[in-house]
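Presented as structure tokens, the chain that follows is alone, the form predicted alone.
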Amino acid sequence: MKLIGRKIYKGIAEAEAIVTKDGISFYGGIDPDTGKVVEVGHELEGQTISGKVLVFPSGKGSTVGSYTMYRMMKNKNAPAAIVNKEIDTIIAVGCIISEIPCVDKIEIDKIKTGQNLIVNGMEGTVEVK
């Protein structure tokens, strides 16, 4: 199945999906040194997003989240790619400065945790393998 969305940041990544219906705040919600979700009560609390395709509706929280994403990239703990239903500026800037392939306008309810995805930020597509 190939889902067609909007290009946010170029690049192609193939990895396992980790999906949540909750928004994500990278500032305070993710530990940039481990890639673990630390936001109390979050659907992904305690799980690691590093090296996975992170699928979520939209971002939330402080603009510092973009720099947290950059720090994760520097620490080699960033997601392989990001897929959103509707991207916000914090996540978009974070993907651009961290060079994380990103696509939005995707029907994320068609993606399940554990599926292998190919995210093509140059075409704006997400392929479920």
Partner chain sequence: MMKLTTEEQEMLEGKYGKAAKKSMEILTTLGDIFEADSMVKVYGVQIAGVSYANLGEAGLEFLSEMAEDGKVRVLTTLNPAGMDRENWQALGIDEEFAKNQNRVIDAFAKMGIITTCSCTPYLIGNTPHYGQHLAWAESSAVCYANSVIGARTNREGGPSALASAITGKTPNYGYHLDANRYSQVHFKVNTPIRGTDQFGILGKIIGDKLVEIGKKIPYISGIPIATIEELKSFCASVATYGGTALFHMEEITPEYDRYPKPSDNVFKIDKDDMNQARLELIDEDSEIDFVSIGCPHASIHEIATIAELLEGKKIKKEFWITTARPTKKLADAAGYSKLIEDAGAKFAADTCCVVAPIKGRFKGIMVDSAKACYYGRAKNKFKVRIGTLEQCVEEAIK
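Bear in mind that the values here come from a model prediction, so they are computed numbers and not experimental data. Positions refer to the first chain, counted from 1.
What comes next is about the form predicted together with its partner chain, which is not displayed.
- Every member of the trio Arg6, Tyr27 and Ser66 reaches its partner chain in the predicted bound form with some non-hydrogen atom inside 4.5 Å.
- Its partner chain in the predicted bound form comes within 4.5 Å of no heavy atom belonging to Lys76.
- Proximity of Lys85 to its partner chain in the predicted bound form falls outside the 4.5 Å heavy atom cutoff.
- Using a 4.5 Å cutoff between non-hydrogen atoms, Glu45 does not count as a contact of its partner chain in the predicted bound form.
- The shortest heavy atom separation between Glu99 and its partner chain in the predicted bound form is within 4.5 Å.
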